[in-house]
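Only one chain is given next, in C-alpha cells, and it is the form predicted on its own.
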C-alpha cells in the first residue's frame, strides 16, 4: 500500500473530524434541524444506517423520527419526507426552492454532470431541455401518432407467445418478449426504427449496455465514496468502469442511430406535412444552436433508462400480481369481454372505457412503485420546511411508496386490491391530484412519461389477459415477488416463468 497516501488519508480524517465538530456546533446553535439519529464525526449516520437507503428502511425510520427527519451521511445532508402535506410543500408549494437535483459521483458520469434533463439542476438548462423533449415525446399528439405501433408490438408479443409450444405447459419468461416490445415502442418514437427479434445483434448489445449502466448506477456499493469524498480513491476502479460503459453507450447511440438519422435527413427532404420522429425535432434544436450534440446524446440516454426500464418494471409487476390473484385476473378478463366483445383486441381508446383495467394499473403503480423515492430533489439555498431549517444542497427524498402504503392513510394497503380505486379512493388519479399517491411525482420535476406509460400499460396488460390465462409454472402456487431495490428503483428480483394458456375465441 502507498504509505504516503495512508498518511495523507489519516491527516485528512483528523482535519475532517475537527472541522465536522466545529461546523456542527456552529450550525447547531444557528439552525433548527429536523430530528434524526445522532451523527458521529466524519461518518455522520452512515455507520448506523448503512448504504441501503431503500423505501422500507426509510419508512421504518419515519415511524421513529417523524414525517420529516435528517440523516447526515458523511458530508451529505439527507432529508426524508414521509407525509402528504410535506410532500406537497416540497413538490408543489416550494417547487422552485426544492426543484434541483443532487450531485452523485456515478450519475455525474452517466449524465455528463447534468447535461441531460432528468438530473440537471433547476434553471435555464432544465427549462430548455424540458421544452425540447416535450413536443416529440410527451404530448397527446405523440400518443395518437404512435399508438397503432404500440398495439402492433403488443400483438407481436401475443403471437410469439402463442406460437411457443412451451408457453401453455412449462411456461415462458414473458419479460424477454416485453423488453423487446418496450425497446421497439420507444425506438419507433425516437428513431422510427424497430428490432426484428430478441436475437438482433444490435438489440442484444444495446440491452447489455443499458443493463450494465442500470446495475452500476442503481447499486448501493459506491455510497461510501459519494458520502465521504476522502474515501473516493477507493472507488477508482468502479468509476473507471462507469466511464467505460458511458463512453461505449454514447458511441453506440451516435454511430448506429444518431449519425444514421442525420444521413437520412440530409438525403431525404423532410416536408412540414411529413411525420417526423423525435430525434428529428431534437436535431432541429441542435441546428438552431439551442443545444449541442452532447445534450442530444444525453436525451437518448435518459429515454433508454427512464422511459424503457420503468415502464417494463411496471408491466412485469402488474402481470405478477395478476398471476398471483387469479380472481382479479378473471374479473379483468370478464370486463373486457363484456365491454369490448369476446375476441375484440383492445386498443388505446378502449382503455378509457375499462374502469377495472384502470384500477388494476393504478393499484400496480401504488403497491409496486417503480421509483418509490422519486428522483431526489435538492434545495440550492438554505430553506425552511415545516418548522425546520434545511441547509443548502440537502438531498430531499420524498418516500412516495410510504405515502401510498401508510395504513394511517389507506385501507389495507398491503393488499393488491384494485377495487379501492373504484370505491373509497375512486377520486385518486396517477397524475398527482392526491399527495398520498405520486407514482410519477408532481410539480415541475414530475415525470412527463406518464402520458406514454399509462396507455402502454393498458394495451399490454389488456392484450395478454384477453388472450391468455396466466398462471404460475407447474409445481408453484404463486410467483416470487421479492423486491430488488436500488438507488431509486424498485423492480422484481426474479424474472418469473409464467404459463400462458391461450384462450379459444
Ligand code: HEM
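Positions refer to the first chain, counted from 1. From a predicted model like this one, the values you see are computed outputs, not experimental measurements.
This next part talks about the form predicted together with the ligand, which is not shown.
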Although the ligand is absent from this view, report whether residue 365 comes within 4.5 Å of it in the predicted complex, heavy atoms only.
-> yes
Please run the contact check for residue 177 against the ligand in the predicted complex: heavy atoms, 4.5 angstroms, yes or no?
-> no
With the partner left out of view, is residue 466 within 4.5 angstroms of the ligand in the predicted complex by any non-hydrogen atom?
-> no
Using 4.5 Å between non-hydrogen atoms, is residue 453 touching the ligand in the predicted complex?
-> yes
With the partner absent here, would 354, 428 and 458 each sit within 4.5 Å of the ligand in the predicted complex, counting heavy atoms only?
-> no
Of the candidate stretches 116-124, 242-250, 277-285, 78-86, the one with residues having heavy atoms within 4.5 Å of the ligand in the predicted complex is 116-124
Taking the ligand in the predicted complex as the reference, which of 167, 73, 371, 378 has a non-hydrogen atom within 4.5 Å?
-> 371
In the predicted complex, the residue from 157, 231, 303, 336 with a non-hydrogen atom within 4.5 Å of the ligand is 303
Determine the residues of 443-461 with a heavy atom within 4.5 Å of the ligand in the predicted complex and present them in sequence order; the list may be empty.
-> 444, 445, 446, 447, 448, 449, 452, 453, 457
